[in-house]
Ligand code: NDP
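Next comes just one chain, in structure tokens: the form predicted alone.
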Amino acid sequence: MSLTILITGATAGFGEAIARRFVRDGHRVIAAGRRADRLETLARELGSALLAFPLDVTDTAATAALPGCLPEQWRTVDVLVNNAGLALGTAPAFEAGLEDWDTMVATNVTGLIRLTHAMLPGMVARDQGHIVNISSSAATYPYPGGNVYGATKAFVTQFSLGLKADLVGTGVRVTDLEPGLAGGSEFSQVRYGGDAEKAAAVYAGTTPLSPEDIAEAAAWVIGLPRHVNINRMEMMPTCQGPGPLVIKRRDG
């Protein structure tokens, strides 16, 4: 069955891979993101099954107005993939920039909840739909320098579970995808302020998850029978595992 799927952060990485996968699977995709030129390139490549829709999820008015701004034939959104997000910096909390913290909260938390708030009533009214939130293993396993980024993803995970609790008895599903080490996107370059060498070092000697792996997971959860809800899916490459607690020992 063909679905209409809205994906945020669709200009690169996970979002672009998910858009490509869903179009390949026969669905219609609304690809939302800040970089209109990339969206148009994607639309030219994938054809009429993809609608390019410029959107900054931190724009309060734009997210609230989105359902009514879509072309009439695209307004029944069956699946919302809240993928837009970012990490900025790896400094410890006492050295981190407050502006970076604010940007992560605005994108990873506020943007996500506002878009969900805009799209969810229509799904409930139709008694069907699916919210897929892209969280992170950082929601569960803290690491040095991950302070606010990990906290925003912990919010996404808990918010997803809270939505599921509210939606019991409706036909609306909610899934939280929690990838671990993942390459093939702009994530680390953004985190390191465009430093390609530092970004590459994150994946040196590893075979990380790819955007296509995340797209495969998203395709699987939305393709299950409608009475089946995958609440959470934690994913890691085989080269990664949850680490031991950090213990700092002093000499003497």
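Note that the coordinates shown come from a computational prediction; the quantities given were computed from them, not determined experimentally. Residue numbers run from 1 along the displayed sequence.
The form predicted in complex with the named molecule exists for this protein as well; it is not shown, and the discussion that follows is about that form.
>> Looking at heavy atoms inside 4.5 Å, which stretch does the named molecule contact in the predicted complex, given the options 69-77, 174-182, 116-124, 160-168?
In response: Among the listed stretches, the partner-contacting one is 174-182.
>> residue 226 versus the named molecule, in the predicted complex: is there a non-hydrogen atom within 4.5 Å?
In response: Result no; residue 226 lies far from the named molecule in the predicted complex.
> Would residue 190 sit within 4.5 Å of the named molecule in the predicted complex, counting heavy atoms only?
Replying inline: Result yes; residue 190 sits at the interface with the named molecule in the predicted complex.
>> How about residue 84 - does it come within 4.5 Å of the named molecule in the predicted complex, if we only consider non-hydrogen atoms?
In response: So residue 84 counts as contacting the named molecule.
>> Taking the named molecule as it sits in the predicted complex, is residue 10 in contact with it (heavy atom to heavy atom, 4.5 Å or less)?
In response: Result yes; residue 10 sits at the interface with the named molecule in the predicted complex.
> in the predicted complex, which residues of 44-59 put a heavy atom within 4.5 Å of the named molecule?
Replying inline: Stretch hits, in order: 55, 56, 57, 58.
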